[in-house]
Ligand code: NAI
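Next comes just one chain, in C-alpha cells: the form predicted on its own.
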C-alpha cells in the first residue's frame, strides 16, 4: 500500500508499505477520503511539539472496514466509518470525568501514532464510528472537523439569547459558526478576520455580522453598535486575543480558547473577575462523533461550505502548498485514496 510519511520536518515521501493487519480489538479501514488540517502542516514543518518522526500524518479520514481483528465482530466488515483520532486509556481521572481528549496517556492518530494519509489504516474498533448511508462521503470525512466545534459548544451551552463573537474564519471558526447558528440558533454570530474571502465564507456559514479588523478596530465597531458579546470563541489562536476578548465581553460572558501557543497572554484578574467571566479551553473532541453524525443526519450543518479543493493523494505536496499559501481561496482540502 501507499502511505504519506513525514520522515522528518520538511521531508515528505510517499512510501510503499506492507498491508497492515488489525490486532485484537482493531479494524482495518480502507481509506477513501482524508482532510488536511493545520496540524498536519505543523507536523510537516516541524512545528508540532507532540509529533514523533517518521509519521504517517492525517487525523481526518473516512473509509470502509475491510478487515477485523480478534474480538471484533466480523459483521463490521463493509461498514462505512469515520475515525475518531483520540485514543484514550479509559481509566485515568480525565477519562473518568468524560474528557478522554486530555487522557494522561493520550494518543492521537496522525500525531503520536500513524494516521489516515494512507491507503489503509489500522485503528481501534471503538474509534470507527458507523456513518449512515444517507450521509455522503464528502460529509463523512468532515465529521472530525465538526467535532472540534461540538467540543467547544458542548462546554458553554449556547442559547438563543447569546451574542457570539468568533475570532478567525478558518476551518475551526467556520465549523463553529455553523454550529452556533444552525444547531444552537444563537441570537447573533459576529465574526472577525483579516481576510475578506474568509469573511465571505463566514457569511455563507451563517455569520450575521462580519468585521475586517485590519480595516477597522473591532472594539470601535462593537462599541458603535452597542454590542457586548456573551460568548467569545478564539478560533484564530493568537495569545493577544484573550486580553481583548475580556475587554469586549459582557458581564457573565464565556470565553473559549482553542490555541496552543507557548507565548504568554497578558490579562489582569480585575478584567475577568470584575465581570465574572468564565474561561474555557478546548482540545480535540470528547466523544463527539455521535453528536456530529446526528447533526448531519438532521441536515443541521453543511460541510460542503468549507470544502474548496480535492486532490489525489499522489499530489500531496501540491495540496499542502496550496493549503499553506492560499488562505484567500483555500479552506478545507481533501485527499482521495481508494476511489
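Positions refer to the first chain, counted from 1. Remember, it's a predicted structure, so these values are computed and weren't measured experimentally.
Note that the form predicted in complex with this ligand isn't included here; everything after this is about it.
**OP:** Could you work out which of 95, 87, 221, 236 is the residue within 4.5 angstroms of this ligand in the predicted complex, going by heavy atoms?
**Re:** It is 236.
**OP:** Select from the listed residues 100, 171, 158, 229 the one whose heavy atoms reach within 4.5 Å of this ligand in the predicted complex.
**Re:** Partner contact (heavy atom, 4.5 Å) among the options: 171.
Original post:
Heavy atoms within 4.5 Å of this ligand in the predicted complex: which of the stretches 105-113, 72-80, 189-197, 87-95 has them?
Top reply: Heavy-atom contact with the partner occurs in 189-197.
Original post:
Can we say 21, 53 and 127 each have a non-hydrogen atom within 4.5 Å of this ligand in the predicted complex?
Top reply: No, none of 21, 53 and 127 comes within 4.5 Å of this ligand in the predicted complex.
Subject >> Exercise: residue 283 in contact with this ligand in the predicted complex, heavy atom 4.5 Å >> reply: Residue 283: yes, in contact with this ligand in the predicted complex.
**OP:** Flag residue 203 as yes or no: does it have a non-hydrogen atom within 4.5 angstroms of any non-hydrogen atom of this ligand in the predicted complex?
**Re:** No, residue 203 stays farther than 4.5 Å from this ligand in the predicted complex.
Original post:
Using 4.5 Å between non-hydrogen atoms, is residue 265 touching this ligand in the predicted complex?
Top reply: Contact with this ligand, no.
Subject >> this ligand contact in the predicted complex: residue 249, any heavy atom under 4.5 Å >> reply: Result no; residue 249 lies far from this ligand in the predicted complex.
Original post:
in the predicted complex, which residues of 254-276 put a heavy atom within 4.5 Å of this ligand?
Top reply: Result: 258, 260.
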